[in-house]
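Single chain ahead, written as structure tokens, the form predicted on its own.
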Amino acid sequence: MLIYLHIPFCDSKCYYCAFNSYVDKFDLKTKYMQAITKQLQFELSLFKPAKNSIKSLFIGGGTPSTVEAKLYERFFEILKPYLKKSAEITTEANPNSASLQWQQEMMALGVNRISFGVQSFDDKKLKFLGRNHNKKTALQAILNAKKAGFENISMDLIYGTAKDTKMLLLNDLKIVKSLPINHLSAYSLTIEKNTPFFQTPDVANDSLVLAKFFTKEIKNAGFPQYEISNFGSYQSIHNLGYWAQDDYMGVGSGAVGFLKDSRFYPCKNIEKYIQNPQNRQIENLSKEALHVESIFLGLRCKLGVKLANFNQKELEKINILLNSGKLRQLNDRIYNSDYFLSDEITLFITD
């Protein structure tokens, strides 16, 4: 079982961001952090995890580093008996707000992995994306993580923008190689509704050639690919849990939870969430929907899909894909040879 905790506060709103986050509600931080403890207790009563059974906690956002470490204390206190001793506990962080002191204090609470939203080391590209840090700040934040004692350090890069060239991306990777990180997430810029970039879609460069070039160079830089957007000698337990369709609690305004065949959506409105953190919408998923999702998730990462999970009609289509080299078989599992085609392959198999 996994837990995702959503922190919806941000110092600034990036031009591409469609996540549930706020730059003008910092006065609600204390009440919000109290509300998540109430929801956590409710979720624990619903999911009923055994003691020492939760294998990962991921704190995302928004920007978790905009909230003082002391405000997380009660959440960790409630959760601690349920966490495995080896649990992966990750926090996202913005280079601009993740001070050395904050990182040390979060580590003292039990956080053992940190992921920085760097996006690029090119100052012009950072400004273009609406990021509020620069190259120098990003480098210092990552070095501070090593100084604080983190052994597992990750960072995000964004590619597929109008600013990208092969030279710019290679320069970013050159800097990445010099840093004490063992995990890299690389996301193609997606133009979402209700974002500043939605009004100017020409900010994106959706070249598949550039995307394949960049992912190949990431692997050449020493970061093995284990999912369409994730690379590293360290492979995130939390990420792999999602793709294996493990149950997960979603705590916080804008989070999502999953249990067996249902998804849970806490209220996105932060004020309403604080008033009643147990209130959420429930989506019941059909066996067919879960089946298609399992194929989609398995084929976009290293997990693959068991042959036994496919019906006869699907197996006939899989044989076509095996013969054409689009898929490969190893023992009793089917694996995707090109993660960029995962959507199309899943549709072909399940249609």
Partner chain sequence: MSKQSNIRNFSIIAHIDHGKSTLADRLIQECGAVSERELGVQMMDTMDIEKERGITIKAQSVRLDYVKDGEHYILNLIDTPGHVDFSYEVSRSLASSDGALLIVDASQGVEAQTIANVYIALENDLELIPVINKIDLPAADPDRVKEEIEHTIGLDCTDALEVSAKSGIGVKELLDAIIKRIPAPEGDKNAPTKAIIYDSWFDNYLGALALVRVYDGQIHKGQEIYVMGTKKKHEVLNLMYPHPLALKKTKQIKTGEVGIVVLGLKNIGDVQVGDTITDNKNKTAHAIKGLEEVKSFVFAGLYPIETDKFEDLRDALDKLKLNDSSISYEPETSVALGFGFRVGFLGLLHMEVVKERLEREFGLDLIATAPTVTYRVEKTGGDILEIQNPSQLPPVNEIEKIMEPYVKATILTPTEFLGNVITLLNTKRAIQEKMDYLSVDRVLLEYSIPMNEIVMDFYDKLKSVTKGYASFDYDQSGYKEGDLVKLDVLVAGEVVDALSIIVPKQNAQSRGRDFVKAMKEIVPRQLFEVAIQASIGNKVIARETVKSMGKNVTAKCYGGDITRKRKLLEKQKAGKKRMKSIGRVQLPQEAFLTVLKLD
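Residue numbers count along the first chain shown, from 1. The structure presented is a predicted model; accordingly, all values stated were derived computationally and were not measured.
A second form of this protein, the form predicted together with its partner chain, is not displayed here; the remarks below concern that form.
>> At 4.5 Å by heavy atoms, is each residue in Trp243, Ile320 and Thr350 next to its partner chain in the model of the complex?
In response: All of them do, each having a heavy atom within 4.5 Å of the partner.
> Taking the partner as it appears in the model of the complex, which of 269 to 277, 129 to 137, 225 to 233, 170 to 178 has residues with heavy atoms within 4.5 Å of its partner chain?
Replying inline: After filtering at 4.5 Å, what remains is 225 to 233.
> Is there any non-hydrogen atom of Phe9 lying within 4.5 Å of its partner chain in the model of the complex?
Replying inline: Output for Phe9 is no: heavy atoms all beyond 4.5 Å of its partner chain.
>> Is Glu293 near its partner chain? Define near as a heavy atom within 4.5 Å, in the model of the complex.
In response: Because a heavy atom of Glu293 falls inside 4.5 Å of its partner chain in the model of the complex, the answer is yes.
> Does the 4.5 Å heavy atom contact test between Lys84 and its partner chain in the model of the complex come out positive?
Replying inline: It does not: once its partner chain is placed as it appears in the model of the complex, Lys84 has no heavy atom within 4.5 Å of it.
> Can Phe340 be called a contact residue for its partner chain in the model of the complex at 4.5 Å between heavy atoms?
Replying inline: Judged by the heavy-atom cut-off of 4.5 Å, Phe340 is in contact with its partner chain in the model of the complex.
> Considering its partner chain in the model of the complex, which of Glu73, Glu105, Glu192, Asp261 comes within 4.5 Å of it through any heavy atom?
Replying inline: Only one listed residue qualifies here, and that residue is Glu192.
> Leu28, Ala69, Leu297, Leu40: which sits within 4.5 Å of its partner chain in the model of the complex by any heavy atom?
Replying inline: Selected option: Leu297.
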